[in-house]
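One chain comes next, on its own, written out as structure tokens in the form predicted alone.
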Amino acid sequence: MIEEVLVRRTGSVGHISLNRPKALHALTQAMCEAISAALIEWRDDAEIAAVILDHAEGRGFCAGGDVAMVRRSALEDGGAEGRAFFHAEYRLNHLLFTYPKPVIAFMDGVTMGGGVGLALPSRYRVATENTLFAMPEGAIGLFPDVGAGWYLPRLPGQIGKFLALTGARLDGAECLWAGLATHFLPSENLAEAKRRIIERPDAIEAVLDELSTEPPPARLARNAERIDQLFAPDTLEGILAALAEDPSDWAGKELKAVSAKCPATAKVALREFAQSAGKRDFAEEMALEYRLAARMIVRPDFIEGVRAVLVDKDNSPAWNPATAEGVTDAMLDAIFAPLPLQEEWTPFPA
């Protein structure tokens, strides 16, 4: 096992803690493989009744994936190492989604990108006052992945589109309101929650219910009606026009947020959501997202987006195409096309 993932058994509960605090526990391929190995070992172990998934220290549950490595891969080896990372990460996402035993994810802190992929397939998702949830891929020219194409379209109203296109950051109360979290606990109650779950893994829901508290009002709820109206159009051009026509300060702020993101990312997200909303099989979703990832990481937008946000940190990416109109259906068709059969994503054997 690697140092970046702490794996132990306490009684009949498996406990996995992310342990890469300087990177806000951002996932590497080795971390994904280590977590998967533990989950597979416990899946058929009759002595393990439940799994706790949390972070060891620091202010992040998990800030995402190692996109700096993926960018280097795109520049140096044509994306081979990056594709290997996504293959391992998406296998982990699918393993969690189909896991037969309850997994309790403690989203205490930054929960973005890859962290969302760990939390949302878990049966119990615990938010706190420290939770900061987002899918910020539009800022780096990627797309909402790790199963976001499955989860976000299934949120109430147009909340999923809003999160994908704006990169909005939600607090713990908003996560509970939107259905992204199942429980809201004060962070001071987490140690007690874990202790009780280890003592009574057959009573997880009762433990979390007992230690939950009423969260503050969800700020996002105040704008739910406006989100449902302005993010209802099926096209990026339609959403931008709706926001531009609304005179409110809120719409102006969100127009700036959507306009700043990579147009290709936004259009990929909208087509992804349209295709994924009716899917019945999560493995199909992950196969689609892997095709998208394999193509998106070698596009200039991803290389430029990571440069702007993480390398030079000037937050001034030059997107190409620079406008919604410049992203054509032919471009999207090429990104969504199947990969050669031997290169397609596959889940772990059941």
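As the structure is a prediction and not an experimental result, all values here were calculated from the model. We number the residues from 1 along the sequence you see.
The following text describes the form predicted together with a small molecule, which does not appear among the structures shown.
- Residues placing heavy atoms within 4.5 Å of the small molecule in the model of the complex fall in a single listed stretch, namely 59-67, out of 36-44, 289-297, 321-329, 59-67.
- Taken together, the three residues 7, 54 and 193 lack any non-hydrogen atom within 4.5 angstroms of the small molecule in the model of the complex.
- Out of the listed residues 136, 147, 160, 102, 136 is the one that sits within 4.5 Å of the small molecule in the model of the complex by at least one heavy atom.
- In terms of contact with the small molecule in the model of the complex, the residue from 197, 140, 118, 264 that brings a heavy atom within 4.5 Å is 140.
- In the model of the complex, the small molecule stays beyond 4.5 Å of every heavy atom belonging to residue 32.
- Among residues of the shown chain, residue 309 is one whose heavy atoms approach the small molecule to within 4.5 Å in the model of the complex.
- When the small molecule is considered in the model of the complex, residue 23 lines it closely, a heavy atom lying within 4.5 Å.
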